[in-house]
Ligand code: ARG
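In C-alpha cells, the next block holds one chain alone, the form predicted on its own.
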C-alpha cells in the first residue's frame, strides 16, 4: 500500500535537509479535515534552524516540489504545513489493499522473527474472578491480538496466583470449618467465605496467623495434606475460571501459576548469592536497591519462605531461556509499579541476555473501584465477572424480545450473547488503560452513544445494505471517482489509516486507540449512509457505494475482533 507520509517526508527532506525517517515521525493528522489529510508542525525545527515556526512553514511551502507524487497541494496555516493527497489516489490505494487482503487487511510483518510474551488475566486461585481481573484479561487479550496481527510470534501467558501465604490461610480455614460448608456446590463462593472468615480471625488472634504461615511453609516443603488441599482448591477454581474464559472466548498458549516456579527459586537465590548482592536484613534476605532510588527487594522471608518476587524472578529466568523473548509484557494494575521496577532491576543480575532485560515491560492500568470504594476479597465486596456478563446478556435479551420478537430463539441467544459481552468489552477498552474506573452497572450496560453495541449496529447496517444489493461488485469495475465526495472520502481516509492505527496501538500498548478508531469509522459510515442513498439506479454510483459498504464491513469486523468483540449478523 502506498505510504503517503513517506512521499511527503521525501519531498520535505530535500528542502529541510532533515532525515526522511525523522520527518515521518513528526507528520500527523490536522485538527480539522478541511485543512488537509496530513500536517507537519514546524515548532520542533525552530531552535535548530533559528527561525520562527510560521516563517519556516511559509518558506517550505513555497520551496516544496511534489511533481511525480500523489500529493495534490500544500498550504501553510500558522506554524503548520498542511498536505492534501489526491482523493482518487487515496481511495484506489486503500480499496486495492482491502480487496487483496480482505480479512487480513491491517496485517504486516514488522514483527517478523520477534517474540512477544503477554502475561495477562492471572486470577488468584480460590478467589472470585472479579471485575479487577476483567481489565487485565481484556487489555491483555487485545494486545495479544494486536501483536499477532503485526506478525510477531506472540505467546499468551496466564500466570495464576496459586501460591503464597494466602494458601496457608485457606488451608487453615478449611481445616477448621470444612464440615460447615459444601465446597463442591459453589466452590469459589465457599472458598471466599472461608477466606474472609479466616482473615477476620487472623486480625483477632496473631497465633492463628502464625499457623497460617506455618501451613504455607509445609506446602513449600511438600507436606501431603497441604499439597492435596492446594490441588483441590486449584482444580475447582480452574473449572470456574474456564466458564468465564469460555464466555469471553479467551484462550492461552501457556497456563502456569506461581507454583510452577516454586522449585526454580533455589537457582535464582544461588545466582543472586554468587553476585554478592544478596544480603541479610533483619533475618530476611534482600537485594539493596538504594542506588536505584528504590526500597530493597526482598527475596526470602526470615522463616526461609520465598515470596512472589522470588517466583517472578524465576519466571523471568525460565521465560528468557525458553522463549528468548524480545518483549515480555506484564499486564498488571499500576499498584504493582514498584514491584515490577524492583524485579526488572534484580533480573539484570540473573545473567539473561541484554535483549531480554530490555524487553521486560510493565503494562500498567488503572484500578477498578466500586462507588463505595476499593474492592477487597478479604472483606467480601467484589463484583464477579460471571455475574456481570450474564446480567449484560440478560438485559440485551429483554430488549430483543421487545423490539424483534419475530427472531428465532437461537438468533435471540446469539445476538444477546455477542451484544451483551461486546458492551462489557468495549466499556473496558474504550478509555485510556491507565485511568481508574469506577464501576457503575448503568454505565457498563448502557447501549446508547459511543458503545460496543453502536459499532455492532453499524456493522449490521452494512450487512443489511449488502443483502439488499444482492451482489458485491468486482473491484476492477468500481469507478473510484464516485467515492471522492466528502462523506465517502472521510470513510476512505479512516480505512487507509487502519494499519497505522494498529501499529500505534502496539507501540503504545493501548487498545483504546483501536476502540476510538472503530467509533470514528462507525460514525463516518453512518454519515455517509444518511447523506447518500446507496441502492440507486445509476450503476456506477450504486456499485461504488455498495463496494465502500462492503470494505467498511470488513474493517469494522476486523477491528472489533482485535478487541475480542464478535459481530452479530442481525440486531
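Residue numbers count along the first chain shown, from 1. Please read these numbers as outputs of a predicted model, since none were measured by experiment.
Same protein, other form: the form predicted together with ligand ARG, not shown, and the subject of what follows.
Visitor: May I ask whether 97, 494 and 553 all come within 4.5 angstroms of ligand ARG in the model of the complex, judged by heavy atoms?
Guide: Heavy-atom distance to ligand ARG in the model of the complex: none of the three under 4.5 Å.
Visitor: Select, from the options 335 to 343, 217 to 225, 486 to 494, 75 to 83, the stretch whose residues sit within 4.5 angstroms of ligand ARG in the model of the complex by heavy atom distance.
Guide: It is 335 to 343 that comes within 4.5 Å of the partner.
Visitor: What is the one choice in 260, 308, 323, 245 with a heavy atom within 4.5 Å of ligand ARG in the model of the complex?
Guide: Spelling it out, the residue with a heavy atom inside the cut-off is 308.
Visitor: Tell me, which of 473, 187, 161, 111 has a heavy atom within 4.5 angstroms of ligand ARG in the model of the complex?
Guide: Looking at the other structure, the residue within range turns out to be 161.
Visitor: Please determine whether residue 147 contacts ligand ARG in the model of the complex, using a 4.5 Å cut-off between heavy atoms.
Guide: No - in the model of the complex, heavy atoms of residue 147 and ligand ARG never come within 4.5 Å of each other.
Visitor: Taking ligand ARG as it sits in the model of the complex, is residue 166 in contact with it (heavy atom to heavy atom, 4.5 Å or less)?
Guide: No - in the model of the complex, heavy atoms of residue 166 and ligand ARG never come within 4.5 Å of each other.
Visitor: Quick check on residue 427: any heavy atom within 4.5 Å of ligand ARG in the model of the complex?
Guide: No, residue 427 stays farther than 4.5 Å from ligand ARG in the model of the complex.
Visitor: Give a yes/no on whether residue 312 approaches ligand ARG to within 4.5 Å in the model of the complex, heavy atoms considered.
Guide: So residue 312 counts as contacting ligand ARG.
Visitor: Can you list, in sequence order, the residues from 116 to 150 that come within 4.5 Å of ligand ARG in the model of the complex, counting heavy atoms only?
Guide: 119, 122, 123, 124, 133, in sequence order.
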